[in-house]
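As structure tokens, one chain now follows by itself in the form predicted alone.
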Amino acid sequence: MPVPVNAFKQALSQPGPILQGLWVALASPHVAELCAGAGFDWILIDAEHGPNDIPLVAQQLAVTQHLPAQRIVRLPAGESWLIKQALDIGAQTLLIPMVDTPEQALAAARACRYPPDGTRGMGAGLGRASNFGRVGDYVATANDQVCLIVQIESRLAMENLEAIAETPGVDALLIGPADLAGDLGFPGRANVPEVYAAVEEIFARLKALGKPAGIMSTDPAMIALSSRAGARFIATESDTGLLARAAAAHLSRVKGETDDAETMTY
């Protein structure tokens, strides 16, 4: 029995509408399950800036497995031991941040695959990815279903863009506009013309290579630019952002209603 088909990787390889995603950073299985059932094409479980560790990520993968949203796991770094653990707990699509060189990209790609294509350690029988050894063909079929996304977030990554994109085992790239803005000299200001121009350039260069590319941004102008430029997958919000704004909006509304009621009472 082979491993499950990676529907996100399969969708990236085909033409179609932009795959809509949601960043999930609250490190809660309940929140991940709620978000994965909301109708998004994919969710990203964030272990770089969210307070997630391997056991928490495993729980979120488990409770969302029955839902149609595909799961991407962003690790805090491209360390081979972290990649190994994330794959063994059942992640099939990984996002590796801060990939600046083709050497870094190749190391991550090889860490994702079993020999002879890579260096992933054997031990599948201990993990939930193989249903604890019950998927007999796991080692033979896992490599084809791994999807590696590397994150482009610096001037150096832009300089090495084609070499990174053409690295064997790199399936897609995601632009990180916030860190890119900082590295370009505009920390906290991803909505300046220079950053928009850099993002548009990255999409154009990757489109010329035929490489799927995506972005995470809550900026309507950046989202519109990315859509026009050929983004294949976009995350436009996070669980933290949605909750914070909904809480503030609710409080503002009920305070207004309360104030109106008090005025009427007097």
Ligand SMILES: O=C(O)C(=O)C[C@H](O)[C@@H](O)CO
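Quick caveat: nothing in here was measured; it's all calculated off a predicted structure. Throughout, we count residues from 1 along the sequence that is shown.
There is another form of the same protein, the form predicted in complex with the ligand; it is not shown, and what comes next is about it.
Proximity of Q151 to the ligand in the model of the complex: non-hydrogen atoms within 4.5 Å are present. Though the partner is left out of this view, A124 does not reach within 4.5 Å of the ligand in the model of the complex, counting heavy atoms only. Using a 4.5 angstroms threshold between heavy atoms, R120 stays clear of the ligand in the model of the complex. Using a 4.5 angstroms threshold between heavy atoms, G78 stays clear of the ligand in the model of the complex. Here the marked residues W23, D179 and M216 all reach the ligand in the model of the complex, each with a heavy atom within 4.5 angstroms. Note on the partner interface in the model of the complex: the residue among H66, R228, H49, H30 having a heavy atom within 4.5 angstroms of the ligand is H49.
Shown alone, this chain has one stretch from 151-159, 84-92, 109-117, 124-132 that lies within 4.5 Å of the ligand in the model of the complex by heavy atoms: 151-159. For the partner-free chain shown, just R74 of 69-85 comes within 4.5 angstroms of the ligand in the model of the complex, judged by any non-hydrogen atom.
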